[in-house]
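Only one chain is given next, in structure tokens, and it is the form predicted alone.
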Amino acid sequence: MNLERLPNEEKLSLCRKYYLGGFAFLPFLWLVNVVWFFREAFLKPAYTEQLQIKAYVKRSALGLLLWVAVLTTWITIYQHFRAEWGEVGDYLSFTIPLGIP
């Protein structure tokens, strides 16, 4: 999508939709929001909707970083303790790993 062709009101609306969509356990939308709207929020000359877009981009980046931290922590804990958890660790997995790490 080319953001250059959209009017500023539509940019704000789209940025807000991606920001709110991230709360539906879709942190990928926050990543898209940050990547697509970073230039609009921080590098373009000032315009009316820019302050709101900037706030949505900052919040999206914060939410994304929080999700990455939580997910990385969970993956590390699971990989480290899966064998010790026995059946519970296996039930939490989509595929049952063979052997003990």
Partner chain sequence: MNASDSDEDIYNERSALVRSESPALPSYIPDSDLTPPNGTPTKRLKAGISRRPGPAAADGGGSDPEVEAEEEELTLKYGAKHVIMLFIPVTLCMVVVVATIKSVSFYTEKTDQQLIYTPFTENTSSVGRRLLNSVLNTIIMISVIVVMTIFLVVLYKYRCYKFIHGWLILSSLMLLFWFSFMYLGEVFKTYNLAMDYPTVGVIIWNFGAVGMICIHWKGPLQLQQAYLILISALMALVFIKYLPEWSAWVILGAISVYDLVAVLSPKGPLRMLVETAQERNEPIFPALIYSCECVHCSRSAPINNGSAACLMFVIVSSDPSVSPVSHLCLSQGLCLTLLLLAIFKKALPALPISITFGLVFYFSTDFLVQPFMDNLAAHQFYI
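What you are looking at is a predicted structure, and each value in this text was computed from that prediction instead of being measured. Positions refer to the first chain, counted from 1.
There is also a form predicted in complex with the partner chain; it is not shown, and the following applies to it.
Across the proposed site, Met1, Lys17 and Leu26 without exception bring a heavy atom within 4.5 Å of the partner chain in the predicted complex. Although the partner is absent here, Ala46 sits far enough away that none of its heavy atoms falls within 4.5 Å of the partner chain in the predicted complex.
Leu71 belongs to the set of residues with a heavy atom inside 4.5 Å of the partner chain in the predicted complex. When the partner chain is considered in the predicted complex, Tyr78 lines it closely, a heavy atom lying within 4.5 Å.
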